[in-house]
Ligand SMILES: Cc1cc2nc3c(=O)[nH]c(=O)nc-3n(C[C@H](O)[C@H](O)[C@H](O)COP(=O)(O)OP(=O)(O)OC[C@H]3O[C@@H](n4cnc5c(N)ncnc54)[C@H](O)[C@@H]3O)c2cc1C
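One chain comes next, on its own, written as structure tokens: the form predicted on its own.
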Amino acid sequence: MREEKVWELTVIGGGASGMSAAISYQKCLSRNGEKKASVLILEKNDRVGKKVLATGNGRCNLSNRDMAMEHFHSHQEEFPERVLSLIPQKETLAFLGELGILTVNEGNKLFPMSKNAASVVDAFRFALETDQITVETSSVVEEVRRVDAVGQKKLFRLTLQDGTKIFSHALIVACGGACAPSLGTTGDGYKILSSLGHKVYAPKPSIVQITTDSAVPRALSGMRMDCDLSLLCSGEVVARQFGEVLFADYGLSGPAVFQVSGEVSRRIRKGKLSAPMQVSLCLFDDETCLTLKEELSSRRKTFSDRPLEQLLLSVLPMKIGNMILKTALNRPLSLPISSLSDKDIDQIIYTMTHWVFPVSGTRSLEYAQTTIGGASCEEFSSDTMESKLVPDLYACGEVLDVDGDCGGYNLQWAFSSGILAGRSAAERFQEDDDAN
């Protein structure tokens, strides 16, 4: 059992937002000529930054040059907009630069120069040591209470799984959402904030695979291709994305699918879609389709005796091409190519540009990269990240009802909200210190 000690600040969660908050807290005090405070990070995993290591396929997509607010989502849309205006990308990159993390871009995506997530976590670890921030790993917080303290304002009392009690003047909850439980994000923060009176929107998966009842993806499992993807709801396009689509046993995956998956989750009510949804894949642009129409008409003559299964040879991978033909023609592919009519060729071209899959939902939170939902932002100040219900309580990162699109937006939110929470807590600490 640890000796009971009152910390100036305790941060629950040693991920991107939690580490940013703790470091920001100490840097703010140093800039204002104050001595470093006693700061503790409690991390349930055996090391900090475990989820950061998995981002960008281990390359760590830190942010994105396209910072349009349409890439961030919340029940209170103005909340992330305000936070990101106070701590914009320029400031977060400067913050990372102070830690020794230099960035390079691939298109709009920003990565560490090393293209290695482990180097980002190392930079944060060394900064925590430099700023004299204590880190306790394998520490699971079971309960948080606001308690009276003799001769001073109330403290937070944290009870750990092993029974240890920790007391703190200020508390930042930064323990993530409820996706990827193998990385430690199991919704602990929701329970903590809910126990302190905060409303929590039920978590849903985002940046996740889309499921479909169609047998086609199962038959093409493992195949992938670049295409234009449209997500339709009741026949109307609600999201569009170009990129790679991967066929799988359960449905569709890949970067393009991840980008639109949040829109599916948001339309699920009580486990069911609120309206019929479809994914439509367009494999070729209009100009290419005109060329293909001429080519297929030519092949009808040149390869007239060959079976239909050879019609799209070299146009598409054999498996995908044959599935397109089965979908478009609904006849045996052993028939000769000469059996095609002009209407058949038009139907093949149409199918290649409107290949439709009925959506049944998404895979579960276990497979998601980020969480939709979380603690209501309405109950936190967008100027400080402090709770409007409980003084000296702050929250940042994915535990709040803010999620970003795939492409570095969730780490950007983690950095910006964490920096703001840490800075605000430090300024409150200074105000209280001056008052005494």
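Residue numbers here begin at 1 and follow the sequence given. Not measured: the values here are computed from a predicted model.
As for the form predicted in complex with the ligand, it is not shown, yet the points below apply to it.
Q) Would G408 sit within 4.5 Å of the ligand in the predicted bound form, counting heavy atoms only? A) Contact check for G408: yes, within 4.5 Å of the ligand in the predicted bound form.
Q.
So, T185 and the ligand: in the predicted bound form, are they within 4.5 Å at any heavy atom pair?
A. T185: contacts the ligand in the predicted bound form.
Q. Is the gap between P205 and the ligand in the predicted bound form 4.5 Å or less for some heavy atom pair?
A. Taking the distances in the predicted bound form, the answer for P205 is no, it never comes within 4.5 Å of the ligand.
**Q.** Interface membership of T55, the ligand in the predicted bound form, 4.5 Å heavy atom rule
**A.** Heavy-atom contact with the ligand at 4.5 Å: present for T55.
Q. Which one of L29, C377, L393, L42 is close to the ligand in the predicted bound form, taking close to mean a heavy atom within 4.5 Å?
A. In short, L42.
Q. Can all three of P217, G251 and T362 be found with a heavy atom no more than 4.5 Å from the ligand in the predicted bound form?
A. No.
Q. Can you pick the stretch from 162 to 170, 84 to 92, 175 to 183, 299 to 307 whose heavy atoms fall within 4.5 Å of the ligand in the predicted bound form?
A. It is 175 to 183 that comes within 4.5 Å of the partner.
**Q.** Contacts with the ligand in the predicted bound form, stretch 6 to 25 (heavy atom within 4.5 Å)
**A.** The stretch 6 to 25, when checked against the ligand in the predicted bound form, contributes I12, G13, G14, G15, A16, S17, G18 at the 4.5 Å heavy-atom cut-off.
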